[in-house]
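Here we start with a single chain on its own, the form predicted on its own, put down as structure tokens.
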């Protein structure tokens, strides 16, 4: 299957692993790349040395194209971006920030850049800043999806940009891939589907929850990590939604973020104090959200933890290998295309 995405990144299938904190590890990234897609390493919750080690590990596990992301909203993200550039990561994916400087440096060594966006405004800005492709994330997605559904968002952005679009949010099978291509995208990025795979490091309890949940079992809220995000509707999620905070708690709780990322706590604390009320509250939520995501994802604790999960979980009922996921998607997409050819004629 050839699209502008497969040509741009030199991959067999236009299927991308979304960069999910704690989930998109070197092992899962390599599994997707080795199976013909492209994995994106999540560096948002990694310190500088961890990022270096993870890149080294990916290179040991695969010789195929791979990517790594930086969430520019997170403290210390610029340092991780510099590590990716220093190691000449083939594809760098950035989100929640201005990435013109990233594109400039990555292009110097011949790499490619993907910007993750949720609005037309940000899509056009990313194109101007030098992005080679866009991941366009709709409302259905796990984590930080946009306010508009993929069915509407993808064609609206594909119509106004010249660079290829990768559709994210609501994709898990061949029907979804065929639909994304019909909407003007050149490929799909999947989080929830790959989260529920054999190679995924997510706790087995959460994989089972994914297989048993339906399309109504998620909630979209900004009360988990300070940004609007979709998570599994569990006791842990409902607890955080009800939790009341004040700006001073952001300074106290920021130490946990600083320790995790190897970032100077005093520098972070001072930054929070001078960032204003809204930003302070977001940082307080982020600190809580970091811990909740870790506990939910890796410990399988849905009472204290939280698991990012897309609405597409409602049509996922198994836990196959990554290779089988890709084979199934491509086979089903071909059947859909054949069916449509017959129907349209």
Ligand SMILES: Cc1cc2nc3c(=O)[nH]c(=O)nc-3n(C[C@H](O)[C@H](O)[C@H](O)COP(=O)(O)O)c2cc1C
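Positions refer to the first chain, counted from 1. Since the model is a prediction, treat every value here as computed from it, not as a measurement.
Quick note: we don't show the form predicted together with this ligand, though the next part is all about it.
Listed stretches are 179-187, 233-241, 100-108, 139-147; the contact stretch with this ligand in the predicted complex is 139-147, by a heavy atom cutoff of 4.5 Å. Not displayed here, this ligand is kept clear of residue 326 by more than 4.5 Å at the level of heavy atoms in the predicted complex. In the predicted complex, this ligand lies farther than 4.5 Å from every heavy atom of residue 322. When contacts are judged by a 4.5 Å heavy atom cut-off, residue 170 counts as touching this ligand in the predicted complex. This ligand in the predicted complex is approached by residue 310, whose closest heavy atom lies within 4.5 angstroms of it. Along 16-48, residues 18, 19, 20, 21, 23 each place a heavy atom within 4.5 Å of this ligand in the predicted complex.
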